[in-house]
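Two versions of one and the same chain are coming, encoded as structure tokens; call them structure 1 and structure 2.
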Structure 1
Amino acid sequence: MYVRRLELTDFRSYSRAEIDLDPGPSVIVGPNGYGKTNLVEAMGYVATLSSHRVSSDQPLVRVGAERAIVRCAIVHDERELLVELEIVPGKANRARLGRAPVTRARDIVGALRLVLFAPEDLALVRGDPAERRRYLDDLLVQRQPRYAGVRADYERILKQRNALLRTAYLARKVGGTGGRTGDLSTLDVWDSHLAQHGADLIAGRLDLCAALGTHVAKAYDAVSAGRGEARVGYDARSWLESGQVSLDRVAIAERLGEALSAARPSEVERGVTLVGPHRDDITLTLGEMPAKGYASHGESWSLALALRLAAFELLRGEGIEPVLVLDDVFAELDTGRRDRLAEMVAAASQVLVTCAVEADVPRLLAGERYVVGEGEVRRGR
């Protein structure tokens, strides 16, 4: 799979941009702040319907414009598919596949498989659990697009359940101990929905973590030149007191339902859902120690890179090789890690590298060259 052409209208800093791409390695070079990352961010948005840089759509639309449009021509098995996406902040995005409109924007997920490694990925190791959950869920959706619906349904149910708990909390706070407590009569129904949809999401995550384990260990060993053993696991302490849980969704739903019942007094007291996959985490260890708080700067970079390379290898091993994007990462790596990374990815069907200093990019990845200037992109030599 590779991206043959990308067209942007009113996306980020571009009023309009067009770029024709080739298979194999390509380098997108230009000064910082001129829009290199905006190009690969647009591709990432087509792949996941989210940005790796911001949590809302508003910054994606050029200042003064009402909407942004991204068109991406994708080639797979010698067939080309055009994906068109209209981003309208505050409203539902609209999309087309092969020039035919789709019912929901999330129906385009799976058309482009893409793995993007960026400086922000250091947060996968050093940041909050939300960063690691997002990594897992984005990969889960790329691996099995149906999880886009599972994820959306769970978030909708969680939002409604939190609203009910919040209303009850505020009523209790205003009414005092002898006053109103709020209507919680429908909480059992929401508990059942949350347990069922949460179990589906958790089962997918557990299966994914198991599949990632070998790839993460192998990638870390290669990037770090054998200096440590990396492991990945799933932390479900918000709803699982101890022991292991099977991948059976019924068993998980039962455990999750029991945990919701046990946590209800605390949830009513605090006005928020305290149990479920939205509070789970990924465990990352190097040797016998947790990576967060113990890994050095270089080790953290190697582990973050290993997580992305593991995602790439997992997707490639399941039939469709994804596009690989390395966004301004070589400046953050020492010479040894640069060369080892280049050796690992040089044979990929398409590798897109962004950089401010072209000398930072190893020769193995010095393919086609694109120069980014003031609001324009041109093929250069």
Structure 2
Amino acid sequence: MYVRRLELTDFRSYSRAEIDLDPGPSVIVGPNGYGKTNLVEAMGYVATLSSHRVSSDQPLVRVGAERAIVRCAIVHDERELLVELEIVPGKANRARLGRAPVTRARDIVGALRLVLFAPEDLALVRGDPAERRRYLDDLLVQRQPRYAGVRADYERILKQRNALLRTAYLARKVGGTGGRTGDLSTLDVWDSHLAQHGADLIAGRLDLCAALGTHVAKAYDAVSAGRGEARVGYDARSWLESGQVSLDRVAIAERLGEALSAARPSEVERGVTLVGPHRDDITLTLGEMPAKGYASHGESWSLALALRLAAFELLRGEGIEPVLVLDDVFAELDTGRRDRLAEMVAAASQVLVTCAVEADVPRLLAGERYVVGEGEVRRGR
């Protein structure tokens, strides 16, 4: 799969931009702050309906404009598909697939498969567990779209259960029984639903973690030249005491149910759900040490990169080869790592590399060249 053409209207700094792209490697060069990342961000938005940089849509629309439009021509199996997305902050996005409008913008997810590595990804190693859960869940949805529903259902159940616990907590705090009493008679119901949907999500994550393991180790080995083995594990300490997680969905649901019963007094005490996949984490280890807190900056960076490369290899190995985007990566790596990374990805159907200094990009990836200037993109030397 590759992106043949990208058109932006009022997206970020661009009032209008049109770029024709080729398969294979391409380099997007330009000074800092001129909008290289904006180009790949637009593609990322088409792929996932969210930006890797901001959580709200407002910054995506050029100041003074009402809406931003991103158009992408995607070639897959020698067929071209046109995707158009209209981003209107505060409103539902509108999308077209081919020439026909789709009922929900979500229907275009999957049309473009893309794996993006950006400087923000350092948070995968150093940041909160939420960052790692999002990495896992996003990949899960890309791999099996059914999990978009599982994830949404779980989040909704969690919200409802937390609301119930909070009312009970407030009722207890006030004492007495006026107005909204802390009625916990339905808590058993929410427990069973949380356990069922939670187990579905966890089973998917465990399966994914297992599939990712070898890819992460291989990718880290490649970019770090064999200095310690990188391992990925699933940390479920909120509901599983210790040991290897090797359970099927039914067993997980059972275990979650038990953990919920055990945690109930403290949950009612604190008014929040303490057990479930929303408290889980991925453990990343280098050699014998946990990466968080022990890994150097370079090692953390390489590990974050390895996580994205592993996602790329996994999706590539299971069917449709995604487009790979490396945003501002090479400036952070030494020459040896740069060359090894280039070797790994040079054969991909499309790799887009952004950089401020062109000399940082290994020769192997010096394909087509695009220069980003003041609000415009030029192709050529």
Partner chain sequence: MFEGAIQDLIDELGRLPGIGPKSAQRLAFHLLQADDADVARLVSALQRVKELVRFCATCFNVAESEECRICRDPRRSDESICVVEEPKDVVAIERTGEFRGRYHVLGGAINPLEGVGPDNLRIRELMARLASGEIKELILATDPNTEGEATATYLALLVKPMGIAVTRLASGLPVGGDLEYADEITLGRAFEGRRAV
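If you're wondering where the values come from, they're calculated on a predicted model, not measured in any experiment. For numbering, take structure 1's sequence and count from 1. We call the rigid core whatever largest set of C-alpha positions still superposes within 1.5 Å between the two forms.
The form predicted alone corresponds to structure 1; structure 2 is the other form.
Relative to the larger rigid part, the smaller one is rotated between structures 1 and 2 by 10°, as taken from C-alpha superpositions. Taking the core as reference, the Cα of residue 165 moves 5.5 angstrom between structures 1 and 2. Superposing the rigid core and comparing between structures 1 and 2 gives a CA shift of 3.0 Å at residue 279.
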